[in-house]
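First, one chain by itself in structure tokens, the form predicted alone.
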């Protein structure tokens, strides 16, 4: 962000709804691990969830989609609101003051970014391989972190992430999250690995396969040949009915 762009942002309080923000937990599945996209705050050893503010002339969900598109480069993202975070102790002024001081940014004591914010939490499900993160505003780096190996987090993001994961676990079957976290085609083993990673527990293979096939949401494509034809697993994809329902 250039100095002129930063100045324009800092002076844009009338452009946004006052004291309301959005924080997004972006889940990606890679190497049998559930990971979260985090952004590093400029000049600080602190990481944060992708987030932003709500323009006066936009719906809340439209604003959330815009934030995610800007941060990930993806236009079609599965997005679900999962909570409101507004404890009276959720006071961001000390953190923002230290951030501005570290980066030699001068703002008045009553600046709009120093106010108490209530945050609307969304979780997003993305194909890890298609994400192309963009650094904007106050960030200088990004990385994917395993759900159980998170770095030092800003604000109350250490409370937001567990709530997002809990919601994801509860909605597994209803929201068919595999469609958004896996590639276009996948094996039953990969689908089971995804479920096990999210739930944090092992599942019986036969029971899982029977359950998934009974839901009528999978379409078998072909076998994945590995040189041993009799052991080649089938490839599956979610059928068009599921895709039309989820988007």
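Computed from a predicted structure; not experimentally measured. Residue numbers count along the first chain shown, from 1.
Keep in mind the form predicted together with a further copy of the same chain is missing from the figure; the text below concerns it.
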Answer option from 107, 153, 171, 114, heavy atom within 4.5 Å of a further copy of the same chain in the predicted complex:
171
Quick one: of 131, 161, 120, 96, which gets a non-hydrogen atom within 4.5 angstroms of a further copy of the same chain in the predicted complex?
120
Contact check in the predicted complex: 188, 194 and 237 versus a further copy of the same chain, with a cutoff of 4.5 Å between any heavy atoms. Do all three pass?
no
The chain here is shown without a further copy of the same chain. Which stretch in 208-216, 25-33, 38-46, 51-59 comes within 4.5 angstroms of it in the predicted complex, by heavy atom distance?
51-59
Does a further copy of the same chain get within 4.5 angstroms of any non-hydrogen atom of residue 87 in the predicted complex?
yes
Does any heavy atom of residue 81 come within 4.5 Å of a heavy atom of a further copy of the same chain in the predicted complex?
yes
Even though the partner isn't displayed, in the predicted complex is residue 10 close enough to a further copy of the same chain, meaning a heavy atom within 4.5 Å?
no
